[in-house]
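Only one chain is given next, in structure tokens, and it is the form predicted on its own.
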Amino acid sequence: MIPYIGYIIAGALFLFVATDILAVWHKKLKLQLIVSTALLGLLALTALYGIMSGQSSVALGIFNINPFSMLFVLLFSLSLMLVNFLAYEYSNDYAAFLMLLGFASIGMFAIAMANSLVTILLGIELMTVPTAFMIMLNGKQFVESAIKLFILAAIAISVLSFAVALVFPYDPSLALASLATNPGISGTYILVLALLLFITALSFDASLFPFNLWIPDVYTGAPGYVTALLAGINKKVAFVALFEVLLLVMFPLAGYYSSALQALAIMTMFFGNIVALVQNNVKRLFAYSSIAQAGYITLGIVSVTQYGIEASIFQIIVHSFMIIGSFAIVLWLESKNIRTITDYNGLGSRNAFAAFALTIFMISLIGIPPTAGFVGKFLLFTSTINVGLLALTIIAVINSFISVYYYAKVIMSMYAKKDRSAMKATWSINAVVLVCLAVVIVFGIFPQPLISMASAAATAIFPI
């Protein structure tokens, strides 16, 4: 069955893209939502089977089928499903959005199952360019954010292309499997330069400082469902590419990239958390919070251990659901012209479920038990302590305490006063928030199933 997983995924993805394109001509949007959801569900079930089998193979000569790739196919399928529901309700042109999402999804799944640097390069381009056009679908007021994202994408792709070109003389096939075992990949100055370029290129999408300076503007200026896509999926795809490049291509240079990523992680955490302290717009606050979370995720890569990679994978998964759930509520409130922390006054009495869910998401982002965010941060901090990076761990803990202040401002505002004017969320918002809330709570109380999947994925990608 394992060799056929690639065919099933390719077939389901082809049908997903084909139906998305047809949506532009046939405006039966509810039918398109049902079909796209069913196909994403098929992808998720296929990926789950691949994870449970624990086997590895190459399908169609281009897809790596192993627990690592299948775990992220599962994550991206479920996350795309949630974003799809949000877009169906709030997009001004759902048919066009669905078509663009189809092309972006090719890039996402290609990176998850990449077996060469060329696949990663093309995947990044296929993902980011359609996303920039998604931003513009809702009107001219979103053009600035789209242009900023497009410029960032262009820079990232250019730098990534240069890095791939520097590696090419050492292995013209550019296959990840052969690069991982190629004795020519060593600490020459050319390859150290390639390593720095890889980190720079992928840091644009992963939101690592200082390559993220326009990211808050893009997040804030984009429609809420696209912001959920950017923070909950695109950023995670960039981290997947970072895993593949650093562990399968540049692992002999682990000493170099561990030091570089330590500096980036520290700057990213402080930048995200400190700037978030002074934000009044809740959407922008979550944008900076998302940047800080990228710094925490990087801690696992810094440790250069299988346990650290497992911790980063776990945090990537749970953060996807935390941030998509948060932006779903922010999107709904933004549609009612509720944007600032002051505007959130009384939300606890106007919609108790939304206020409760947002509180749980923020508690999880801080890392307070019994939430999945606590488990993720515990694993990350443990991974750095295990390799003797105590100072880095203390800095990360300090940053977690800093984040308490701005999250507490939002929570206190929601419960500060009572407001009798009830607000009812749409069915799509409630459905997305409920799924995300279930993931955060269930894997906070019973984290072992997800830890086991993350461990299997780390074993599949870690070279030693």
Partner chain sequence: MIPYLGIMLASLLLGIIGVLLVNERHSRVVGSVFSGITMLLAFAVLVSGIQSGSLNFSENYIYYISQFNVSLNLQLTPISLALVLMASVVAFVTVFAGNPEHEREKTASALILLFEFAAIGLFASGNLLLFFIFWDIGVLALFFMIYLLGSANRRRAAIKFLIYELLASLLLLFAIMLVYFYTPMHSFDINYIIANSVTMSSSTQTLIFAFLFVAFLINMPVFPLHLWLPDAHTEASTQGSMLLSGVLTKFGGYGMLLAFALIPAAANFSLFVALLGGFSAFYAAFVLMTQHDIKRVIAYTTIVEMSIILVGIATLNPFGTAGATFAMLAHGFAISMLFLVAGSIGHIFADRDFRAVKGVIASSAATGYTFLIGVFATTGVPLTAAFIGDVLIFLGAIRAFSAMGVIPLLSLGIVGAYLYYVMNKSVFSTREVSKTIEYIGSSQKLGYAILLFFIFLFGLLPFLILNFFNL
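As the structure is a prediction and not an experimental result, all values here were calculated from the model. Residue numbers count along the first chain shown, from 1.
This protein has a second form, the form predicted together with the partner chain, left out of what is shown; the following refers to that one.
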Which of these residues, Asn281, Ser258, Thr359, Ser161, gets a heavy atom within 4.5 Å of the partner chain in the predicted bound form? Thr359
Leu379, Leu100, Leu121, Ala156: which sits within 4.5 Å of the partner chain in the predicted bound form by any heavy atom? Leu379
For the chain shown here without its partner, which stretch in 405-413, 423-431, 36-44, 65-73 has non-hydrogen atoms within 4.5 angstroms of the partner chain in the predicted bound form? 405-413
My question is simply whether Leu15 lines the interface with the partner chain in the predicted bound form - judged by any non-hydrogen atom within 4.5 Å. no
Would you please decide whether Pro130 lies within 4.5 angstroms of the partner chain in the predicted bound form, comparing each non-hydrogen atom pair? no
Does Ala175 reach the partner chain in the predicted bound form if we count a contact as any heavy atom within 4.5 Å? no
Check Val375 for me: does it contact the partner chain in the predicted bound form (non-hydrogen atoms, 4.5 angstroms)? yes
Do heavy atoms from each of Gly221, Glu334 and Thr340 fall within 4.5 Å of the partner chain in the predicted bound form? no
Within 389-407, the residues having any heavy atom within 4.5 Å of the partner chain in the predicted bound form are Leu390, Thr393, Ile394, Val397, Ser400, Phe401, Val404, Tyr405
